[in-house]
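Quick setup: one chain, the form predicted on its own, written in structure tokens, and binding and motion questions come after.
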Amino acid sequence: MRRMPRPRALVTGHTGFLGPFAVAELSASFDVTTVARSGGDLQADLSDPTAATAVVAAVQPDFVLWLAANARIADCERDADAARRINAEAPSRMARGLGPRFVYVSTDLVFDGRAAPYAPLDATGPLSAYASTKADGEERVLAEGGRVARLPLLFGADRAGRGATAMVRNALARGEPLSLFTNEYRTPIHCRDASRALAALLPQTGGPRIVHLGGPERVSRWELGQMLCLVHGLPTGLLRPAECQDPLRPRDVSLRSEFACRELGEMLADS
């Protein structure tokens, strides 16, 4: 019997924290092509107005997962125009003509933190340039018929030392005190669980236009750090409770999510 060809998935931003997890999950069901400025299957600067459409024309993907982002809050504040080019303008160009086969990965930070927990259709209220450009990207992609998947704080075992739990582990390994916010609440999720959800979501073109892929518990960074240490038997003496005073950081962006993932303790054991 002749084997049916697998659907083609194009992934942007695969060199980021979530990218390797997402590519690994997608590769089980899709033929995956990655695009990046360097290190991808295709090399392209997606902030170039002609690059996004050229990449789609070359790959002819059945589905696109947009992970690329300028996610550094300080960098986005310094140059909001550059952030908007990659966080909003480029994905809207690539989404053109793909409709629901295009999934734009966004952030819980599009909310202002005053009315949590947030459902997918709740009004956004970005506080920072980063959040504003992501909210803009959402609107543009939705206008092209695409879909939006909002993710919370991510963690997981990463060789590059990225993510919420790696920050704690690295500080403890160096013997350095680490301040963790007690008044900033999110619904964190392991990159592996988020990637499994995205891999399942991508082909479901008839589903909701906006989905939340949050973790199972609302916790502060301080609570998350304490739980990580408890699960792994790590000392907590170097962790310091602190209150966030940054007006660009919302205080509670916990998400309402119907996605079934592992319990938080189980995910932390895997990080």
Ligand SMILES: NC(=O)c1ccc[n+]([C@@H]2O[C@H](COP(=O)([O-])OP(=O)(O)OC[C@H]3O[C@@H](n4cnc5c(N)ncnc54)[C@H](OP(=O)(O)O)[C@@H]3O)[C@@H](O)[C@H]2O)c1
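The numbering used is simple: start at 1 and walk along the sequence shown. Bear in mind that the values here come from a model prediction, so they are computed numbers and not experimental data.
As for the form predicted in complex with the named molecule, it is not shown, yet the points below apply to it.
Comparing 40 to 48, 201 to 209, 53 to 61, 235 to 243 against the named molecule in the predicted complex, the single stretch with non-hydrogen atoms within 4.5 angstroms of it is 40 to 48. When contacts are defined as a non-hydrogen atom within 4.5 Å, none of Ala116, Trp222 and Arg249 contacts the named molecule in the predicted complex. Contact check for Val141: every heavy atom lies farther than 4.5 Å from the named molecule in the predicted complex. In the predicted complex, Phe259 stays away from the named molecule, with no heavy atom inside 4.5 Å. The closest heavy atom approach of Ser106 to the named molecule in the predicted complex falls within 4.5 Å. In the predicted complex, at least one heavy atom of Arg162 sits within 4.5 Å of a heavy atom of the named molecule. Scanning Leu127, Leu172, Leu180, Ile86 against the named molecule in the predicted complex with a 4.5 Å heavy atom cut-off leaves one residue, Ile86.
Annotation for 249 to 266: no interface residues with the named molecule in the predicted complex [heavy atom within 4.5 Å].
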